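Given as structure tokens, the chain that follows is alone and in the form predicted alone.
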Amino acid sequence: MLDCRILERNFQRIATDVIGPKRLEAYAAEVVAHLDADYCYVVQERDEWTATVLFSTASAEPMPAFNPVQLNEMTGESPFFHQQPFVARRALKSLFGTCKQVSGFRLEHYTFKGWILIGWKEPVEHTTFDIENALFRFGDKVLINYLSLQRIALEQQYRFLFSVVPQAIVLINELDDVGWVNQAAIELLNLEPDELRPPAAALSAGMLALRNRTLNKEAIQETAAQLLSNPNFMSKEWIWTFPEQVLSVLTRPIHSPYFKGRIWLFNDVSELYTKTQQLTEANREIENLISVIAHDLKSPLATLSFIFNFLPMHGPLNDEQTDNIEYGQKTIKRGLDLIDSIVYFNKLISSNQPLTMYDVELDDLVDVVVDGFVAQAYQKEITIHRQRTDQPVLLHTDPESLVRVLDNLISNALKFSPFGRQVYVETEWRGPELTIAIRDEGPGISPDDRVKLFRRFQRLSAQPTNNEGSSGLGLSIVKSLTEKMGASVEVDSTLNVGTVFRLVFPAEYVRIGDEEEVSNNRA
């Protein structure tokens, strides 16, 4: 009976004295000597029909892949097999063509599947227990060696990949006692050179020192408090500013079978941040300039309007003069409307003031807006159809903003509708959401126009049908105000059929009111 304690001691000596790929070779030589064998192979199963020899004591040259069907048949339900006499079929002849006795041990691991194979040219008298015991012990060494080499290979890949990434990357496990960093993070956190796995204390000190150098500590502390209270916290646009640079910081948890912890990514956005600040300042100056020009234009336009009104007082005017004055007044009104739109839009986008939100009875508000367009619709022989919900609805909104949005949408529906068509203003439920739809029978919106629909000062291909004016700001105002009210705006359009603009209010802003509530809101 073989003494496996001697084999185990020799294995321990090899683990201490031998490093790298030579270690597997030393383990195999020890097993061959222990079992008086002639051949030893480590075979990896790639798939059901393919296996490759990872290691062989018979030859240093790579051996071709083969079909492992005979090995699977010999293994059966037990991981160990022993055959004497052994007859090698075609697939195994290159390995054991001269062997009369073969033993093997199946390795089953999520990272490695295969066999350890031992062959004898002549039969030996070792018991199957001794052979299985030796192969079992050798199997552990094979798996450990394979995993060790895999780890080394992955670490080398990790070093290479993360060394070329310009962002500083930090990985910290869930216990905060193990960390990994790349070269950029070493420089950013002032860690020991080339120490990709710094001590936890050094890593924590580096992170704390970095945060203490920031200029916006209070803002960072607010976000850090969320991180401490929520293990699943993920940062969005977390900016750390320093005297010499600006960092965008992303952090999120990692939950996988192999690693649980958190990743930090520090991206230098100094140049982008500076350009953004410059563009913001330039835009602010442009908006201020537009506002000043708009206000300054109001005075001469008002003077012209006064002169046109004063002219008939000097005596009767002929038809041509009267038409010219009317045309001049219309032009002045368009200019004043455009100026009002510009001033309002500039105020809208530059102001951070919250809207004044409270419950209003929706049908009454929409009816008032629609009534204001009766005369304009009459001039073009357009009928405005009004559809209400079955029950009175209380909408939590800013009435002034909602009126302005509806004004713009109904005005557009009338402007772009041909004479004699229909316009529909419909309030209806869509599941728990409430929608206000303004539908026309106009020319529709082309695909090219759809992409620029809500941009400022955009002229679309469709034109008003009665020489009405358009500032190019109405839909921009609609989108901005709708989003401020917590709603959204949708557009459905078919060329030569018509367009629907639909305001969608989430369920939390809407409720069905009883008669007393509705009466109070009307009052």
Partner chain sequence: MSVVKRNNVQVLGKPDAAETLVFAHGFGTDQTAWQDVAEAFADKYKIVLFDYVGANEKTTPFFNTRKYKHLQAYADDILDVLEELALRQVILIGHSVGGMTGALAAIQEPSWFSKLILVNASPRYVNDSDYQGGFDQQTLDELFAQMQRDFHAWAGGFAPRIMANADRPHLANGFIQTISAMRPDVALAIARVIFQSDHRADIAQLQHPTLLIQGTHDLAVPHAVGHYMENHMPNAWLTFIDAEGHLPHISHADKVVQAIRPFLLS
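What you are looking at is a predicted structure, and each value in this text was computed from that prediction instead of being measured. Positions refer to the first chain, counted from 1.
The following text describes the form predicted in complex with the partner chain, which does not appear among the structures shown.
Participant: Looking at 24 to 32, 45 to 53, 494 to 502, 481 to 489, which stretch has residues with any non-hydrogen atom within 4.5 Å of the partner chain in the model of the complex?
Facilitator: One stretch meets the cut-off, namely 45 to 53.
Participant: For residue 89, is any heavy atom within 4.5 Å of the partner chain in the model of the complex, or not?
Facilitator: Contact check for residue 89: yes, within 4.5 Å of the partner chain in the model of the complex.
Participant: Taking the partner chain as it sits in the model of the complex, is residue 58 near enough to touch it, meaning that at least one heavy atom pair lies within 4.5 angstroms?
Facilitator: Outside the cut-off, so no.
Participant: Heavy atom to heavy atom, is residue 330 within 4.5 Å of the partner chain in the model of the complex?
Facilitator: No - in the model of the complex, heavy atoms of residue 330 and the partner chain never come within 4.5 Å of each other.
Participant: Determine whether any heavy atom of residue 396 comes within 4.5 Å of a heavy atom of the partner chain in the model of the complex, and answer yes or no.
Facilitator: No, residue 396 is distant from the partner.
Participant: Would you mind picking the one in 252, 93, 450, 213 that has a heavy atom within 4.5 Å of the partner chain in the model of the complex?
Facilitator: Selected option: 93.
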